[in-house]
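Given as structure tokens, the chain that follows is alone and in the form predicted alone.
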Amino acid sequence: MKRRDFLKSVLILPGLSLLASLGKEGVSYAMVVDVSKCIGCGKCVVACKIENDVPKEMPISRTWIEGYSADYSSPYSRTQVQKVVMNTTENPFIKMKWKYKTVFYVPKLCNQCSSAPCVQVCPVYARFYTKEGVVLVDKDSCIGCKYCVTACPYGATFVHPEQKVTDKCTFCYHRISKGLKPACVLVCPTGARKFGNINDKNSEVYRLLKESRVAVLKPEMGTYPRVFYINLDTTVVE
């Protein structure tokens, strides 16, 4: 992979420059993921499935972990990167024999876009924003047409096999609206995930975005994600 291709997929900027697009009034939720702290334990995936009633053994999940093994003798060659995904309760990383020496893990989820393609294409207005900027799904209105599945550039939306409607991460809105943490944040043993109000200058997410150079995925899509990454490796391109 050539460097110019990577730069089209991941944009790295001082955190506060990205905050400008998300509004400055009221509560505005965001998540910050420090890739260097993720150990691939998979507790976030399991907790999310249990909390949100997603079938445990099916390869669908509101949040998942991508494991990467990279050969830095040729860092921009796609052939030098091995990728494995955890999206069930079975952790493939435990017994994994990685091809290359360098190994790291990247948690992924719905990016809670401020300009969400899934909201724009829904023909029955089942996708909507909360006052805090979280994108939710009205499952009573959803007709399962899958337009949102196709429109999402992050692969974060799926059809729930039992409910027969689309599903995705909601930042555990039923929890955060009560002052609780999202399930994935609560169970992370290393503190790789941080969640909070980016308009609160005393919050940890505000501090991290102020002090760090952060990345968002696929900035060329113009979606303005609310999920920010710290220490994201250049081999992560989708």
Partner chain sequence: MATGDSLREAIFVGLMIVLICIGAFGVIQMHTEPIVPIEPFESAIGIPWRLLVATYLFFVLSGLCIIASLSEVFGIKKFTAIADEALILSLVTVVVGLTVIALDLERVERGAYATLGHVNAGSVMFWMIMFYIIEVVLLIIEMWFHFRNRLLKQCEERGLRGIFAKIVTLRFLRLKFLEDERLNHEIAVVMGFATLFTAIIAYSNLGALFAANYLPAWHGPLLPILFVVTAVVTGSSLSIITTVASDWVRGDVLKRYESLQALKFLLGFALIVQAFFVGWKMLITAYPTAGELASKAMAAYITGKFAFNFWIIEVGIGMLIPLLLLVSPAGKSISGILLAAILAITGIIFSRIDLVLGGQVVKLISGVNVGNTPIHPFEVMTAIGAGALVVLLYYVLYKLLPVEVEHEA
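Numbering follows the first chain given and starts at 1. Keep in mind that this is a model prediction, so the values were computed, not measured.
Although it is not shown, the form predicted in complex with its partner chain is what the next lines describe.
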**Prompt:** Considering 141, 89, 114, 80, which brings a non-hydrogen atom within 4.5 Å of its partner chain in the predicted complex?
**Reply:** 141
**Asked** Within a 4.5 Å heavy atom cut-off, is residue 73 in contact with its partner chain in the predicted complex?
**Response** no
**Message:** Contact with its partner chain in the predicted complex for residue 60, defined as at least one heavy atom pair within 4.5 Å: yes or no?
**Reply:** yes
**Request:** Answer for residue 64 alone: is it within 4.5 Å of its partner chain in the predicted complex, judged on heavy atom distances?
**Result:** yes
**in the predicted complex, residues of 106-135 near its partner chain [heavy atom within 4.5 Å]** = 119, 120, 121, 122, 123, 124, 125
